[in-house]
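Just one chain is shown here, as structure tokens, and it is the form predicted on its own.
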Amino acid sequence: MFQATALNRRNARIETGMRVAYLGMTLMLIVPVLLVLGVLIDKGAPALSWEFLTEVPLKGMTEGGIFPALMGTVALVLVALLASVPVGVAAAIYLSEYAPNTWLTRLVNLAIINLAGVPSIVHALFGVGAFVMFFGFGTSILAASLTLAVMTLPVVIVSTRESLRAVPQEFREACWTLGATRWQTIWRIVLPNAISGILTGVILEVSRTVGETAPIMFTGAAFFLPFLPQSVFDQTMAMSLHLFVISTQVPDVPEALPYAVALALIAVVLVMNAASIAFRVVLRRRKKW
């Protein structure tokens, strides 16, 4: 029978210490999130109701619901996804599968990484100059969504590129050996096996897009608009801006109202992310490796 040596006992103590340290770090991340959700639920849940979700704001936004802001947020996110995901995936495919390893490619990759760190207010000013004024879209859903798409494009590109690189090179070589072209290999083999990772980028994009205020404040979100837009060229209310307005600009707002709007905003993010995660899980189950 083996007996633990001094070195074994020392390693066991270090292992236990590291496990406790990592657990503490994890709790440091989880506990604040739970506290924030607890405060929001405690203060905002009494104001939540079906009427709150389906009615328009009333009496200077001190009463009523958030229906125009809720639908406007969904519209902004969907249009931003439609604009950014195809472009981001296409750019990632080129950088990962076609582009040679040259100084220009490395410069483009560096620019993409740096673009992810640009403050949202800078993207807002870019959106005003490019989409509102230069392209003539005016302050509209389209201008705001395209601004959000540009802001989140690096997330889609990086996540897609890493997902494509995670597909084993042997898969590509086997297809080429059988006579498939590069595009046929990408379309039939690489993309289906990378789709779950691509959806991870989409989830991150949704999470960031829903909560942004500055880019849409200047390009398409309305302070108060108690009806739904008729097209992507109209303005719309948005939940992030609505929360900012009733929290800082509107007097005599009931205490529970901002918390209820914040709780509803988090719920929208969770629902959209849950749908993407469920789709990703289904696709992962189909993978053969």
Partner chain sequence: MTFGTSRRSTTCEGVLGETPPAIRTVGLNLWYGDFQALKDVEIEVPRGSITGMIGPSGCGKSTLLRCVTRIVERVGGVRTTGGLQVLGHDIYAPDVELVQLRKRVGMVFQRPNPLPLSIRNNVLFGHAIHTTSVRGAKAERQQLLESALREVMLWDKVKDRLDARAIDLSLEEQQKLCIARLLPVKPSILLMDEPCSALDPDGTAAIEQLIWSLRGEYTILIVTHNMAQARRATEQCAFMLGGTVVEYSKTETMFASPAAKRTADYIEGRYG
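Numbering follows the first chain given and starts at 1. Note that the structure is a prediction, hence the values are computed from the model and not measured.
Below: the form predicted in complex with its partner chain, not depicted.
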Given that the partner is absent here, does N193 sit within 4.5 Å of its partner chain in the model of the complex, heavy atoms only?
yes
I'd like to check something about T177: if you look in the model of the complex, is any of its heavy atoms closer than or equal to 4.5 Å to a heavy atom of its partner chain?
yes
Is there a heavy atom of N114 lying 4.5 Å or less from a heavy atom of its partner chain in the model of the complex?
no
Residue-level question: is F171 within 4.5 Å of its partner chain in the model of the complex, judged on heavy atoms?
yes
The stretch from 148 to 156, 208 to 216, 181 to 189, 119 to 127 that lies within 4.5 Å of its partner chain in the model of the complex, judged by heavy atoms, is 181 to 189
For the stretch 198 to 223, which residues lie within 4.5 Å of its partner chain in the model of the complex by non-hydrogen atom distance?
none
